[in-house]
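Coming up are structure 1 and structure 2: the same protein chain in two forms, each one given alone as structure tokens.
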Structure 1
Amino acid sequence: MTLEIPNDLAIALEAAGQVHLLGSWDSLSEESRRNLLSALRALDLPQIQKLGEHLRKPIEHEAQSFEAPMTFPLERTEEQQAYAQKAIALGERLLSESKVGFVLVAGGQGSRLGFDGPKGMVGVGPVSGLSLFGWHAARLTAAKQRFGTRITWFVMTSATNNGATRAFFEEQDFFGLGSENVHFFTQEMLPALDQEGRIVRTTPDELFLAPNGHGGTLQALRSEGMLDLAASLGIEQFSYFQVDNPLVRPADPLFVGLHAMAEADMSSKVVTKNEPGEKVGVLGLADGKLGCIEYSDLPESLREERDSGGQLRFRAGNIAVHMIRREFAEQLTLDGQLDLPWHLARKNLKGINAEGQVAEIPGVKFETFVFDALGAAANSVTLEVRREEEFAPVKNAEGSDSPASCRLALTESFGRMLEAAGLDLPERNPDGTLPLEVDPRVAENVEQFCETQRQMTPDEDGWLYR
């Protein structure tokens, strides 16, 4: 029996302005018809209509005023130091009581790095070759050991890497954390639209789908049942971080404690911009609303402006590390809809044109950004951290923010630990890296390493760890 389009679906597509998707139906094979029908049934047509309306809206006015955020700084007064100690104590208690869940955003592929597989599988360990996933797992294992916490790890994948990510975790025996403590959930994909609001097809029976942005993490936590699971486990806060940064410390008692003491909905870590021209978003207030101000949106005069201490006034570089109150995430995703603004990425898309030919089609992808949730937060903490200790992302194949620059940053971090403990450094490799590696379960910072060194006996060469 020949497969036909259900009448109700055909009517719904026509009402939504998407009847073009049926244009090649008569020429499709039965298998292709099944593929297309499955894709069409999965569409949220009311949402697509709203996106099309958003596409035709006039561009919103640019912000008129900018303010730098209040930060909890690296250089602290005695009063701030005392407050930090209280925050650390609270953070340690919340971690020990398993009130914190850990959300890893890992939907990307390693194709830009020349790697065939999920980005989290890319090896960056200077000696061990440990993968990005492995580094995060080691840091969570360290938290389990130090605070006695139950690790609940929420790993967000995408439709393109979900299977490979799950298989890798199984091969690694879930890095010793237990399969029952690792929960995978998948980011939603959205159709791309052409300039008239019509869904773009990549082939006659496939739609052009793209991830809905890292803000979609919050919606996926809701739709995949992770918010309910977290509530059932007594988790009150989420530690949010992205897969490409192996220096991130997901279980940082200071950050957890500062966030909790402020009764904040959402908080952020930032690093100081290297120089005014560094093209990174900075946290700040635009027309009184907290968020991430893109480099291109900040007037040049403000990029260059310095405070009384000689530092850049707008220096709080966003590194995509957050604490998020679980109930806040629930509020933002009531009725399954994400209450964040849409961002439009306009670009040429390779797809099927009106004549049924493969062509470059001027189109739009729709994304949400998690940092936009800061604008809805009743309270927020912005914690300044040292870039060299907590931020070494892997984004590019070569140059800055590459696997090579990440390995160098890791070994420099390890080198500072050894020097602080009074140990000599080995000769550098030809690429400038130090031939050493410190497992996060041993130490994640100078203070922890020195304490560990005092408690252990070095080998005959004076080395504790290689």
Structure 2
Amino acid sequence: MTLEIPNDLAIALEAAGQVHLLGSWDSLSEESRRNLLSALRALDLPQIQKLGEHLRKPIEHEAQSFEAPMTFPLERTEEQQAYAQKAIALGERLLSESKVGFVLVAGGQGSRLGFDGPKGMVGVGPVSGLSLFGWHAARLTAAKQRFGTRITWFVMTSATNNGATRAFFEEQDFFGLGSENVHFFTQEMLPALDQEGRIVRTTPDELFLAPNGHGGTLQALRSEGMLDLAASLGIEQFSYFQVDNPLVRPADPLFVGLHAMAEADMSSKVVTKNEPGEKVGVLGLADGKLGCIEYSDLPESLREERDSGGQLRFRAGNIAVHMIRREFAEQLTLDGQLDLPWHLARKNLKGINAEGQVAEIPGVKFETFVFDALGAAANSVTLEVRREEEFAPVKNAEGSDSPASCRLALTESFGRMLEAAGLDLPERNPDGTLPLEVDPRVAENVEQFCETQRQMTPDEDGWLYR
């Protein structure tokens, strides 16, 4: 029997302005018809209608007032130093009691990098070639050794990279962390729309779908059962981090402790913005609500304003490293209530046009951002950290924020460890990097390296401390 378009679906598509999706129906094979039907059945048409309306009438929220956030600074008064010591002790306790679960988000498409596979597979170890996933795993293993914490690692993927990510973890034997401690969950995908709000197709029987942004993490944690799992394991806090930054410290006792001491719902790490023109979002309050203020949204006069100490007033550069209280994530996602604002990425999408031919279609992808949840947090800590020690993202194929710049930042941080320990540095490579690597399980900062370096010697093949 030939497959026909179910009446209710045709009516619903018509009502939602998406009837063009059935345009090629008559020429489709049975299998293609089946594919298309299941893709159409999976659509949340009311939501797509809302996205379409949003597209036609973007709601412009122009904030009237901006304030810089209170930040726990790098340069600390004596009082702040004493407070930090207490926070570290609390953070170490929470880690040792395995109250912290680790959430890595790796569902993005990495389109700027253009790597064929999940971004986490990119090798950035200057000597070892260790992958981004491998760096995160090494830091978690280090946390297990240092604090005796049980590692529970929640890894978010999306339909575009879920299979390849899982296969890589298996191939790497879960980096020694135990498959039972790694929990994959997938975020939702959303259809991309053309400028009239019609869903774009990549082929006559396939829709153009894209992951719904890292803001999708919170809902996916709930719908994929991770919040319940975390609760059953006694996890009270999530340490949230992104796949592209191998310098991130997922188990930082100071950050964990400051966040817990403040009874914060969601907290953030920031790095100091280099100069007024640096195009990074800064954390701040817009009309009294905490969030990330995009570079273009901050009035130029405020971008340049300095405080009495001569520092930029709006300098809290967002690096998307957060602590999130589990119960806060539960409240936010209760009954699918999470309502984060949409960010629109306008791009030329490779799809098929009305005539069924492959074409570049001016379209829009929709995403939500995790840091928009900060606005709902009753309490929040903003901790300033050193960029050169904690932030070296891989975003682009070349130039700044590329695998090369990331490798350089890693070797520079290892170089500082050796120098602090009074050791000679090896000769630099032609590309400026040091042929040097310190395994996070040995040391993640200068102090730890100085403590342990006496018993260590570099490997024969060069300078791989492990």
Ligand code: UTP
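Counting starts at 1 with the first residue of structure 1 and goes up one by one along its sequence. What we label the rigid core is the largest C-alpha set whose atoms superpose within 1.5 Å from one form to the other. Note that the structure is a prediction, hence the values are computed from the model and not measured.
Assignment of forms: the chain in structure 2 is the form predicted together with this ligand, the chain in structure 1 is not. In this overlay on the rigid core, residue 351 has a C-alpha that sits 2 Å or more away from its partner position between the two structures. After superposition on the rigid core, the Cα of residue 293 moves by less than 2 Å between the two structures.
After superposing the rigid core, the C-alpha of residue 9 moves by 2 Å or more between the two structures. On the core-superposed pair, the CA position of residue 360 changes by 4.2 Å between the two structures. Core-based alignment between the two structures gives a C-alpha movement of 3.2 Å at residue 49.
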